[in-house]
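Here you get one chain, nothing else, as structure tokens; it is the form predicted on its own.
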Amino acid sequence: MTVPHHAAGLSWRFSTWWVILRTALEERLVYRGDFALGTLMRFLPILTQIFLWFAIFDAINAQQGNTRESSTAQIGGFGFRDMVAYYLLTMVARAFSSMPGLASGIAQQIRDGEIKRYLIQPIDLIGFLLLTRIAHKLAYYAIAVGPFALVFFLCRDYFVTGWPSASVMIAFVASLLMSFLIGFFLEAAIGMIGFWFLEVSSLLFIYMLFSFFLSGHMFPLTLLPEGIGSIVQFLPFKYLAYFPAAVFLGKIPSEQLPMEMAIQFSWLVFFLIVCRLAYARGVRRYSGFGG
């Protein structure tokens, strides 16, 4: 029986993807000790935030004549316990959406000519990098689940509303997965600028600066002034950290949640198309010489 050509091609493609994913996963698991230690260290900066917000809410309670136990003080819709839970959840979200070294790595491969190996071999650059990142995240979470579980167990009292409903939990997981893909395609698109400019480090620095402030990693976006906050709501950065955390904590009204999920998905499609177009256009103007 003859195997149809298109079926054989699809089978070969899946086989190639599996080999790339398995190889990258085995490579990443070599660094499991570094992953475990890095995860614990990742939570240390939160202590500074907790102490800072504790002092702020304490001052508000003193001004209002409330005790800590009876405090109803809120800032931007977040009480003190909500604020701590928010920072813990943004750490999870950023662990999904952050892509350290992706954009700079692509730009360097273009500059050094290493990218030509993807042009002469039947391997798609973007697909290869995506599988490598998936392997990295799988290896990271396989090792980091212990430290994450420990920290969340110790801080369980800060989650005053408990576990969200099943539908909200599904939305939370979906928002995390889309934040991973948005982060990947966004940074990959920035790296593709290397086809036009030799150096993208300054542009990358500006992106990292905006991402740090506007993703909600530093503080909840509801704390921004109304005018600035309205503009930030239209940007994709909030889906990298703020939105998944807000979904888990029930800060997104249920009637708005489907629309917000659709907007996040739209940003994912947008950056996927931008990344693909930038790569296709960049390859047309790329020239490689030598061995």
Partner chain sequence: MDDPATKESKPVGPNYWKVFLTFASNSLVRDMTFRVNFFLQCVSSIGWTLMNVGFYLIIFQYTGSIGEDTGWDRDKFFVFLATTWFVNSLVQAFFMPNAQEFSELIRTGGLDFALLKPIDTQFLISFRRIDWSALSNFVAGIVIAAIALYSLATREVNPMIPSLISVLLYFVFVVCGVLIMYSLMISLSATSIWLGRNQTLYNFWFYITNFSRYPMEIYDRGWGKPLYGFFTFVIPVLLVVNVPARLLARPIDPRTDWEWMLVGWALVATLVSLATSRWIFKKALLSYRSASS
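If you're wondering where the values come from, they're calculated on a predicted model, not measured in any experiment. Positions refer to the first chain, counted from 1.
Here the subject shifts to the form predicted together with the partner chain, a form of this protein not shown in this document.
Although the partner is absent here, residue 138 is not a contact residue: none of its heavy atoms lies within 4.5 angstroms of the partner chain in the predicted complex. Within 4.5 Å of some heavy atom of the partner chain in the predicted complex lies at least one heavy atom of residue 48.
Using a 4.5 angstroms threshold between heavy atoms, residue 63 counts as touching the partner chain in the predicted complex. The partner chain in the predicted complex is approached by residue 53, whose closest heavy atom lies within 4.5 angstroms of it. Interface residue among 219, 148, 159, 118 relative to the partner chain in the predicted complex, by the heavy atom within 4.5 Å criterion: 219. Note on contacts: among 172, 213, 128, 152, the single residue with a heavy atom within 4.5 Å of the partner chain in the predicted complex is 213. No residue in the set 101, 190 and 262 has a non-hydrogen atom no more than 4.5 Å from the partner chain in the predicted complex. Only one of 130-138, 176-184, 109-117, 202-210 places residue heavy atoms within 4.5 angstroms of the partner chain in the predicted complex, namely 202-210. Along 220-257, a non-hydrogen atom within 4.5 Å of the partner chain in the predicted complex is carried by 222, 223, 224, 225, in order along the sequence.
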